[in-house]
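We begin with a single chain expressed as structure tokens, specifically the form predicted alone.
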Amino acid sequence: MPMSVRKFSIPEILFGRGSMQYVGTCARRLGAEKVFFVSDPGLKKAGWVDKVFELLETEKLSWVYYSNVVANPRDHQVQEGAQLYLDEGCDVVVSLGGGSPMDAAKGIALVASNGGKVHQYEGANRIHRPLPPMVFIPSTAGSGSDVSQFAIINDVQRRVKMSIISRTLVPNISIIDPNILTTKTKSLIIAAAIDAIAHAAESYVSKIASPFTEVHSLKSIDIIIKVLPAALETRGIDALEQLSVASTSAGMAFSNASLGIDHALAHSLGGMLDVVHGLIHPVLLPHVLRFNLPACPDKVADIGEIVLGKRYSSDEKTALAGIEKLEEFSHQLNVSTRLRDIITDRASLPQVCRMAVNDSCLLTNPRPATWEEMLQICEDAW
């Protein structure tokens, strides 16, 4: 059967230890004179924000610094940032951070260039004008926002995480410097790595996966399973660099193949109950993979084979053993695998699932799901 037409979008990528030194040069190459720089207080405290200031200064660039960003970035923070961008006459957006500062930066670039409110761009392909050039420096090995066409912004009033998806949200340049991971706490490294595993697994079984995305999905899972324990134990730069490779691969895969039920539910839980994104995947992903198994036994078995290092007599056996091994992997990392440990409000689950049905990630899940089926997944995970 011939493959249907596929497109594969990624930014220009500068990868490697010390690559952060090129941030000023990259911004200048994109026409910067006054940079709008988005990061967060944690990275300021760790000294990385001041490092970027120095690098912009070296290139004789002026900048405006914006750090009013929290986990699950809020719509009003995006609007405030966009107004500041326009008032200050900025021309290039630079962001240093995990998913939250980078998604906020995308939202700011979007509203500054296209006008209106960030809410009107929810969904796929609603952005009509080009965004200002963007240079992103990820500070975690997980979110993939630095290479993806997604931005996730919290609509405070509706208590929903809006997915905004468009080719124009792919940054121009991603600078991936594993040195930044050396100041991360263990819990942040784990949350980011498990987010990357979820990106990889969901994009692999996605209805629009292609040979270009599948190779990245599987490689990402392989690397994380092998190096995460060592990365946590030694904090060695070699292992951290491998996590950066894995996260980037997973980002390229999900940006182009999209995701599934696990992320649809994660967005709803994050929007309604403000749950930290990385904590949700070890809880939900195994149950989602079991739910999807009848629709793509061969693919879930491929994931199982990588996790187990071997294949059993049937796809189903390999898949189920692989899912169990993933749960065991989370246990060994001392990560919670029960929903009751990360949320207290069980009564809100039906509403969470009713909202998750409208998430665009559901469109590419290999098996269709009603809100009741999603509720059953949550109950199984409770």
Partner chain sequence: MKMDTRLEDLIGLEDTKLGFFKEVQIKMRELQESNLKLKEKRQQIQAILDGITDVMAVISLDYRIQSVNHVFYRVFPHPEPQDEFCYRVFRNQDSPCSPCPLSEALETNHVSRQMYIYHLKGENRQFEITASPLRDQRGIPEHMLLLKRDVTVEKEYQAKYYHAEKMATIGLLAAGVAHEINNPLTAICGFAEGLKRRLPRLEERLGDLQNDKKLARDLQEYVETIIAEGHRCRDIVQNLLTFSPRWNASLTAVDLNFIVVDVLKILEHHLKKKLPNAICLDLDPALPRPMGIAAELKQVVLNLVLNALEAIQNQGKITLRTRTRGDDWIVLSVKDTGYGIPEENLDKLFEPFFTTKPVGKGIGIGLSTCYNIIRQHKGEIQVESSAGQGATFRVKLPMP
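Numbering follows the first chain given and starts at 1. Keep in mind that what you see is a predicted model, and the values were worked out from it rather than measured.
Form predicted together with the partner chain: not shown, discussed below.
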**OP:** Run the contact test on S139, V227 and A231 with a 4.5 Å heavy atom cut-off to the partner chain in the predicted bound form and return yes or no.
**Re:** no
Subject >> Sole residue of L293, V307, L131, L181 within 4.5 Å of the partner chain in the predicted bound form, by heavy atom >> reply: L131
**OP:** Quick one: from L279, A239, I189, I127, grab the residue that has a heavy atom within 4.5 Å of the partner chain in the predicted bound form.
**Re:** I127
**OP:** Answer with yes or no whether S210 is in contact with the partner chain in the predicted bound form, where contact means some heavy atom within 4.5 Å.
**Re:** no
Original post:
Contact between T168 and the partner chain in the predicted bound form at 4.5 Å, heavy atoms?
Top reply: yes
**OP:** Examine N358 and determine whether its closest non-hydrogen atom to the partner chain in the predicted bound form is within 4.5 angstroms.
**Re:** yes
Original post:
Does any heavy atom of I13 come within 4.5 Å of a heavy atom of the partner chain in the predicted bound form?
Top reply: no
Original post:
Which single stretch, out of 307-315, 284-292, 72-80, 131-139, brings residue heavy atoms within 4.5 Å of the partner chain in the predicted bound form?
Top reply: 131-139
